[in-house]
Each structure stands twice: as structure tokens, then as C-alpha cells.
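Listed next as C-alpha cells is one chain, alone, in the form predicted alone.
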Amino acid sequence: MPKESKNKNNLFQSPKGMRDFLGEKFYEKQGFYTRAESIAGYYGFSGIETPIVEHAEVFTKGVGEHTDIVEKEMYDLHTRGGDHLVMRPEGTAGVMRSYIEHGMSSLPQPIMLYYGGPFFRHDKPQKGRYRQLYQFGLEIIGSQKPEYDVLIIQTGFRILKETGRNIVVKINSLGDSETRKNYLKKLINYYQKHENEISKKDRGRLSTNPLRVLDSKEPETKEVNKNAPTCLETLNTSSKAHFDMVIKGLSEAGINYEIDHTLVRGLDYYSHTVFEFIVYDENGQPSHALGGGGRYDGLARAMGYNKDIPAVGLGIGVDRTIESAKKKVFIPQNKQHPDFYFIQTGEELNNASFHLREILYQNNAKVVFAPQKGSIGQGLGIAENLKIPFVLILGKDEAQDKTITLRNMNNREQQTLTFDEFDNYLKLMKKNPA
């Protein structure tokens, strides 16, 4: 039996770094996904949903054993049957596993997919960063062409512009495997000459993941990085041509970008294009990242597949994106401002109420239903405070006559309509909105 928590009060608190979504928070998250999926669909992506748990090897092989995700942050599950599973820390490796499992390579290429939902990392909780975090991802699998790097950046950029903030794409290239090997030699040689000047934490990374030293947040390492060799200096001819075409495509698409030589991304599977979406503040200074991604042509083979599968993808942090929005822009259709406040004066009127609810639903009317206890006057006061333009009143007389009283809250005029007349009224209202 598992040990009981020493602090019984924890029973009534969500786990550290995780939280409930209530009221507007729930609808904002739902609204973000609705809008992001709509934009992704416009650019040609279709949806996929993968399991929240995967075999551990999907990430240890794909993401890389010497990454913070694998070394520190994954939630491990060992089943009674002996399987080693983990709660997904990111989305790309799971989508690639699905692509291979379902034989998507036999379909016309590339395959363009979007997905979203909760992901899990045992990270230190802080503002905009949670242990149960939410992401929206895009993947284009099955093509090496640089225009798909541009397309995926363009789609993510359009989604994030919905926040009303100034978004700039920071971009770099890691080149192909040949470039990466040559660059790593140069980089390691440079850091060994300055080993005493970088942080102790970064000295430990030199033997496991030297690229992570390049985008270190440690002050002393950042100073050393100012003169570090850049990957763009090492690109071979084909890698440079790929990157040049991406830059040209971003310019044609009207996307604000900056080349950042220290940008490498944190996972082993990236090659060629890497990028991040950065929010710039009112003073024109970079503030924080809302997401990023890049090309990962070597991921499939790293996972144990028998060949490389070219691909490019991105992930957007939903929590930070919603928090960064200038105003409440991510409101789903079913939470838009209601047109009607429905007052029913007693439970004995339920049958007539059910009929009217169906009429409202069939006409896609946005309605707030008042509690059944309370006076009409109280209901009218609530509708006025909520700034709802029309009130529907169903009392005993109306129910008996199969009518509904419609009150205009702007001019206080009201009229009584039969159910059929009300149905026609809604249809006309939908056809000719105010």
C-alpha cells in the first residue's frame, strides 16, 4: 500500500505545479485551442491525438538521454506487467511514433498534423511554467524542402499574433549531421580554452551536451558566449542553401525575424532550422518566449527506426500565450456574450422549458439560464448587470398558452410570442444580426 501523505490537508489541494481550470480560465484555454486549430486548418494541417503515456524509449532515444527532460523532468510509470511508461513531456516524439506505427509514409507526403493538450514535466513551478503544462503543436513529416520550415513558422506566427503582441521569430541553423560534427569540435575547443570562465553547471555539460552551453542562462557563460564560434560560419553548401531559402521565405511572408547565433534548442533531435517565437515589450526589448521548434530529420533513426524521416515541427506554450495576450481574445464560440437571459418561474414549467431550450439550441442562440428560484424582478436585475440585451420570461400563463415573453432591456418594451413565432424571430435575428 502506498504511504499516506503526512499532511492530510494536501488531500484538498491540487498537486504542486498543477491546477484546476475554473470559470474564465477554463474558457480561455478552450478558446485558444479553438482558434489555433482553426488557423492550423486554414494552412492545411489536420488533427491527431496521441496517448498521454508512451513507452519510455520513445523519449530516452528520441529526445536524448543527456537532456534535462530525460535526466530530471520525466514522470516514470512502471506497470504491473513490467512496462516502463512515462507521461509525455513533449509531443514531437509521440507523433513520430504514430507516423511510423500507422504507416503514414505510404500516404502522399508530407503529412501535416496539429495536436494539443496536457504534457508533464517535473520542473520547478513558476509563473507561466507548470508541471502539468499545456501545449499546441504542429508537425510536417515526410519532406526535406525548406518551404515547409517557412510554412510551419508562418502558421505558428499567425497563431501567436492573435495575442495582439509584437512577436519576433529568433532563428538559426544547426546544419546537417556533417555541419553539426564540425561545429561541435570548434565549440568544444573554444570552451576548453575558457573552461575556468564558464559556470560549474555548464562545465558539466561540455561532455554530455555542449550545445546547451551555447544558450546558457548563467551570467559568466553568457559573457564567454559573446565570442563563441557560430554555426552559420560552419555550414556546408547544402545547409547554407537550405537556410537562405528559409530566410527568403520568411521575408516574402512578411514575418519579423532575427538571426540568433546562440539559439540551439534543447533537444538532441534538431538539425538545420531552429527557431523561437519571442514577445517584445513596448520598449522594443525581448521579453519572453511563447514557443519554438525546428527541423528534426534524424529523430526517427534516433528512436530506432531503420531510416531517417525528414520532418519539421513546433510547440507553443498555451499557458504563457494566454497570459501574454493583451486582452481576452481567446474566448470560444459557446462563451461569447449571450443574447438572452432565460427566466423560468417554477419547476412545474419544465416541459415547456425543454421545448424552448430546443428552439434556442437549433437556432444557435447564446443564452444564460437563470436559477429556478427567485423572482422575475431579481432576474431582470441580473440580466441588466450582465448587460444581456434580451430577457425571456416563461411563467404559468405563457406555458399554458405555449408562448414566451420577450423583453428588450434597452427600451424596456416587451412582447408575447408563440413558440413558432419565437422560432421565426430567432431565424430572422440570425439572418440579420444587429
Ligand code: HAM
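The first residue of the shown sequence is 1; numbering continues from there. All figures in this text were calculated on a predicted structure; none of them were measured in a lab.
There is also a form predicted in complex with this ligand; it is not shown, and the following applies to it.
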| field | in the model of the complex, the one of L214, I141, A300, L290 near this ligand [non-hydrogen atom within 4.5 angstroms] | value | L290
| said: I need to confirm a contact call. Of R158, R180, K170, R320, which residue comes within 4.5 Å of this ligand in the model of the complex, counting heavy atoms only? | reply: R320
| task | Heavy atoms, 4.5 Å, this ligand in the model of the complex: which of 195 to 203, 308 to 316, 106 to 114, 222 to 230 makes the cut? Say which one. | result | 308 to 316
| request: Give a yes/no on whether L133 approaches this ligand to within 4.5 Å in the model of the complex, heavy atoms considered. | output: yes
| How about G91: is it within 4.5 Å of this ligand in the model of the complex, going by heavy atoms? | yes
| request: Answer yes if any heavy atom of Y270 is within 4.5 Å of a heavy atom of this ligand in the model of the complex; otherwise answer no. | output: yes
| query | Heavy atoms within 4.5 Å of this ligand in the model of the complex: does R121 have any? | reply | yes
| What residues, if any, in 140 to 169 have a non-hydrogen atom within 4.5 angstroms of this ligand in the model of the complex? | none
